[in-house]
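Given as structure tokens, the chain that follows is alone and in the form predicted alone.
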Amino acid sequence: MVINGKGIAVSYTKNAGKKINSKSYALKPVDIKIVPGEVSFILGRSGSGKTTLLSVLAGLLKPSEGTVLYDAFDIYKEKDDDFSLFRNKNIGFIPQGQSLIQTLTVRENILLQARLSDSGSDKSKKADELINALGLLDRADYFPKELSGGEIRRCAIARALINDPKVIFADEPTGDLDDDNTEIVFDLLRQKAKEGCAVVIVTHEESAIRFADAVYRMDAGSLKLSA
């Protein structure tokens, strides 16, 4: 599944006076193409627009301008229900921060995403494989309040991968992890790309570039492909 962002931008209007309004861009108009089998990194300082771009590409933030196509599927022209079903089946999103449901265990949080997709298949074995791969075997029946920040992050990663998505978006996926677990996560995402996924990672970790097929840099809302 190829993703094409064409002229996508996020702007807002600032009131600078009685009759004077000015437009400011959180994301300046950019074109970007994400292809299956590759890991694309988006690097930049905090506030540069990385998360805004990721949210637009993932269907979480409607752009002020431009279009986002998944092959020929224009995600922002679809009905909400149709796109929600499409997203649950095809897109895995790893957010920053706490995103787990507090009343569910690690295993239940991971499996919830599979149940929402309504695929009808039992993902219990897949969940156990991800739990083991991400070092959460002894935490599978714990609740989020009993986990460390790094364990919460790894649970969110497993949840994003449970449906074998065609596209994976990861916003600072290793922000709470030590060096060993950082390596495990990037290896896992690299492997998903080898299996045919399109993987897009926002990160501050310059050392992780070795895992990338394409590296983009953002500055003040502008995007450039690194040579």
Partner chain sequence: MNIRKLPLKNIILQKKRTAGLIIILIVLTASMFGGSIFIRSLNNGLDSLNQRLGSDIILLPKDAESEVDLKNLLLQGTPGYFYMDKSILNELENIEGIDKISPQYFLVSANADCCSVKVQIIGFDEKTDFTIKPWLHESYDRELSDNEIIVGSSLSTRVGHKLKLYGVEFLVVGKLEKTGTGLDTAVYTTGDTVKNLIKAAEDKGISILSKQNPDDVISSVYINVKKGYDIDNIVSDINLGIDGVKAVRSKTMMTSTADRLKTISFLISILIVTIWVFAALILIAAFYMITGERKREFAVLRVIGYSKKALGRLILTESVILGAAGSVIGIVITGTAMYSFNILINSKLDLPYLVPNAISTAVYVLITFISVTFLGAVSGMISALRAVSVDTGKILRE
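Because the structure is a prediction, the values reported are computed rather than measured. Numbering follows the first chain given and starts at 1.
There is another form of this protein, the form predicted in complex with its partner chain, and it is not shown here; the text below is about that form.
> Within 4.5 Å of its partner chain in the predicted complex, heavy atoms considered, which of Asp141, Glu146, Asp81, Asp74?
Flagged contact: Asp81.
> My question is simply whether Lys62 lines the interface with its partner chain in the predicted complex - judged by any non-hydrogen atom within 4.5 Å.
Lys62: contacts its partner chain in the predicted complex.
> Look up in the predicted complex whether Ser48 has a non-hydrogen atom within 4.5 angstroms of its partner chain, and give yes or no.
No, no contact at 4.5 Å.
> So, Ile184 and its partner chain: in the predicted complex, are they within 4.5 Å at any heavy atom pair?
Contact check for Ile184: no, nothing within 4.5 Å of its partner chain in the predicted complex.
> Can you work out whether Lys192 and its partner chain are in contact in the predicted complex, taking contact to mean some heavy atom pair no more than 4.5 Å apart?
No.
> Suppose contact means a heavy atom within 4.5 Å; in the predicted complex, does that hold for all of Ser40, Thr67 and Leu161 with its partner chain?
Heavy-atom distance to its partner chain in the predicted complex: none of the three under 4.5 Å.
> For the chain shown here without its partner, which stretch in 192-200, 32-40, 52-60, 173-181 has non-hydrogen atoms within 4.5 angstroms of its partner chain in the predicted complex?
That would be 52-60.
> Hey, which residues along 89-113 are within 4.5 angstroms of its partner chain in the predicted complex, non-hydrogen atoms only?
If the 4.5 Å heavy-atom criterion is applied to its partner chain in the predicted complex, 89-113 yields Phe93, Pro95, Gln96, Gly97, Gln98, Ser99, Ile101, Gln102, Thr103, Leu104, Glu108, Leu112, Gln113.
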